[in-house]
Structures are given as C-alpha cells and as structure tokens.
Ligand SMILES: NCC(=O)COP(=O)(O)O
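Given as structure tokens, the chain that follows is alone and in the form predicted alone.
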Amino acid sequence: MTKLSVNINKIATLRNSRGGNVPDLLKVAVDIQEFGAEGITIHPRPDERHIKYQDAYDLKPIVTTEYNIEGNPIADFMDLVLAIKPTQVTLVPDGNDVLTSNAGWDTITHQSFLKEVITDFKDNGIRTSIFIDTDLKLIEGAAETGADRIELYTEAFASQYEKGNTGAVKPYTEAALLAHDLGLGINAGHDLNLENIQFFKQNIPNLAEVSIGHALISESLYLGLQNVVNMYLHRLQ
C-alpha cells in the first residue's frame, strides 16, 4: 500500500498571511492524521515564508505517524533536522528564491556532497530520500550516495497527463523499476492530485509514499466550500 503524507506548507502560508494562529497548524496536523493520512510533510525555507523553523520543532510531538522534513541541506537546515530527528528527511536542491521545488538533484555532480550529508543523517537514525528526475544515470547516482529512497519529481508527468498524454508516465515506471533493483525505496511528489494520482499509482511499481500539499489543500478548500457557505447561511436565517 502506498502511504499518503500530507504537506501542510499551504496551511502555514494561510496562517502567516493574516498573523495570529488561524488556521492552527498543529491542530490541522493532528486532524489530518486522525482523518487517516499516514504522514505529515513540511518544507521549511530559509525565509520562513510558510513553515517557520519553530513549527518544525512544535510538530515533533504532534506527528504520531511519519514525519518528513524536506529542504536544501544548508547548515541551518542540517542543524534543524539533526535536532528534531524526524522519520525521514527529503533532500531538495532548492535555491533561496524559488517559489516551489523545480528540479531534482544531479546525483553525479553532487555525489560527494550528498554522501557526506546522507551519512550524517543516517548516523542519527533518519531515513534519507533524494528528490530526483527520471534520468536513469541519476537514479544510479542516487544509489551510490547511500540514500534509502528517492522521491520522483512528478511535475512533468502531471503537466502532460493533464493534456491527455498518458505515455508521460513511462519514464517514471522505468525509473522506479531501476530504483527498486538498486535497493532504493520509491517516493513521489509535486503536482500529483485527485485527477492523476490513481493512474500514477497503477503505473509505478513499489511506490512507497506520495507527498501531496498544494493540490490536496486546494481541492479540500473547493470540495468543502459549499458546505461552509450553507452553514453560514443557516446561522444567518
């Protein structure tokens, strides 16, 4: 069974836009787990524009499923993860100025750096995953780093699937097969949604986990909107 880890960055974005503590990030994390999700994902960035570093600490005792912290392994991020010791750390090569993750690691060029970082995390009992594209050479490079898993960057698949190109899943299937043969676990994330997730799951062998945030929160807003509007109307009668 493929686990669902819910990325709650967008909840923090909404909270930060108004100040205060509405919505309550910690309560949302508790509720999401009670609703059946098997993990909570956060992706703190240096400017703390959504998840704040303090949120990462505050969530530690709240997350009773799997706790996944994503990010670029700069010094502050390394210190944060090593202090919290989540279930999993997902390494993402984000620049400070990007709105959202837009590329996977070059595991050949950065292999020595990734080996060093991954060794530190694994020595502290933290499962490691590398955010990566479907290039088979890069999958082989990921195995050489000592990582436990890869997270397939699925934006290209999602974009093409929306246009009706179901063949766009093929490179992901091939990457997953190779990763499994090399002893890597397989995660996936980015632009997966209610429209494409079932097809993706059916075509990716040994898919351990998906991390979904923006789409899931957006879909939740829309699918719940009619109910909330009606509740307000009822109270105003």
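What you see is a predicted model; the values in this text were computed from it and never measured. One rule holds for the numbers: they count along the sequence shown, beginning at 1.
This protein has a second form, the form predicted together with the named molecule, left out of what is shown; the following refers to that one.
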Where the named molecule sits in the model of the complex, superposed onto the shown form by the site's C-alphas, are 3 or more of its atoms within 2.4 Å of backbone or C-beta (blocked), or none (open)?
open
Counting any non-hydrogen atom inside 4.5 Å, which residue from E48, E66, D191, E174 sits next to the named molecule in the model of the complex?
D191
In the model of the complex, I212 touching the named molecule (heavy atom, 4.5 Å):
yes
If we take heavy atoms and a 4.5 Å cut-off, which stretch out of 183-191, 22-30, 200-208, 166-174 is in contact with the named molecule in the model of the complex?
183-191
Residue by residue through 47-80, which ones have a non-hydrogen atom no more than 4.5 angstroms from the named molecule in the model of the complex?
E70
Answer with closer or farther for the CA-CA spacing of Y232 and N21 in the model of the complex compared to the shown form; it moves by 3 Å or more.
farther
